[in-house]
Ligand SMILES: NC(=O)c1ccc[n+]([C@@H]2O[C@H](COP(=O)([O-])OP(=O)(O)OC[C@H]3O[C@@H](n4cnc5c(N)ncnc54)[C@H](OP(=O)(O)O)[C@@H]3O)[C@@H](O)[C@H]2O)c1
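One chain comes next, on its own, written as structure tokens: the form predicted alone.
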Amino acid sequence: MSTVRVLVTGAAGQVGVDLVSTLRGEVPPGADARWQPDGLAVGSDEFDVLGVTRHELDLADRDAITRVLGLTKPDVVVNLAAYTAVDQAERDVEACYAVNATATGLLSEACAALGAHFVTISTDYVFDGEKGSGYREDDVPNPQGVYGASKWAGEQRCRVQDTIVRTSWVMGVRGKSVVHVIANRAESGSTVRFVDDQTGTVTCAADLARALVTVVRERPGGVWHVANEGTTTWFDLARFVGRELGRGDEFATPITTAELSPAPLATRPRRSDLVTAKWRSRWAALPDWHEGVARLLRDRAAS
């Protein structure tokens, strides 16, 4: 088989660094090397990986995108670049849409012209959280905030041949995530207060990265929900992290979203857990979130 050239945008983010490592045949921190959703290990020379950051490629510049893709000639482009500051997006609408919507459309167009497959990442926040149960790929989006609306706009700018991976509550060993905040508080002897009225699905960055390798190989097209198995609340996540680090039940206290101070600018969906049955019907399910977070904490301590 010939080497597949993959261009990864947002390569400095917590999923980006893990994806670049995984495509190079390495096992990033927080990963389970035994979990292969398609049953195939990643070959050391299977992929030629080109990672670019926002400082190296201005995704709002159509000419820059055309030039970089024309020079690198990737077979697959994985777009991990995103504006993810959910509350700040309410005040910074133009910048949020520029990255999450406009740039997504420009990349899709450039891939179409080049004959490359385009993969982009979206979010559970495209849903309003009012369904009362988990969301499937064919549920109708109804975002409640600027961030979710911008990601939904980005999805709509993709072609039917493109692959859209919706994921949620992403956390990794490398980069900033809520798990690091919780772990730091647990290790310092402090306590935390987290909401127990927002339900979702955790996605460990290393597991998502390995799933994306399968997407790069298979190029399935369409919308796919990808997250670790099991649902949880932010409070239950905090309590689990505390217990893993030797803290008792006093560590985490449940509160409601209405009790947050200061109140968040953006509306979060109350229940936005993603149903991953479509993924499971074709490939192996991502590990349970407890296992994934435990790995994250283990390798966080080791690093």
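Remember, predicted model here, so these are calculated numbers, not experimental data. The first residue of the shown sequence is 1; numbering continues from there.
The form predicted in complex with the named molecule is left out here; the points below concern that form.
With the partner omitted here, the residue from 80, 215, 146, 116 that has a non-hydrogen atom within 4.5 angstroms of the named molecule in the predicted complex is 80. Among the residues 260, 60, 33, 265, the one placing a heavy atom within 4.5 Å of the named molecule in the predicted complex is 60. Picking from 108-116, 217-225, 146-154, 189-197 the stretch near the named molecule in the predicted complex, with a 4.5 Å limit on heavy atoms, gives 146-154.
Residue contact check for residue 54: one or more of its heavy atoms lie within 4.5 Å of the named molecule in the predicted complex. Proximity of residue 14 to the named molecule in the predicted complex: non-hydrogen atoms within 4.5 Å are present. Taking the partner from elsewhere, residue 127 is found to have every heavy atom lying beyond 4.5 Å of the named molecule in the predicted complex. The named molecule in the predicted complex is approached by residue 169, whose closest heavy atom lies within 4.5 angstroms of it.
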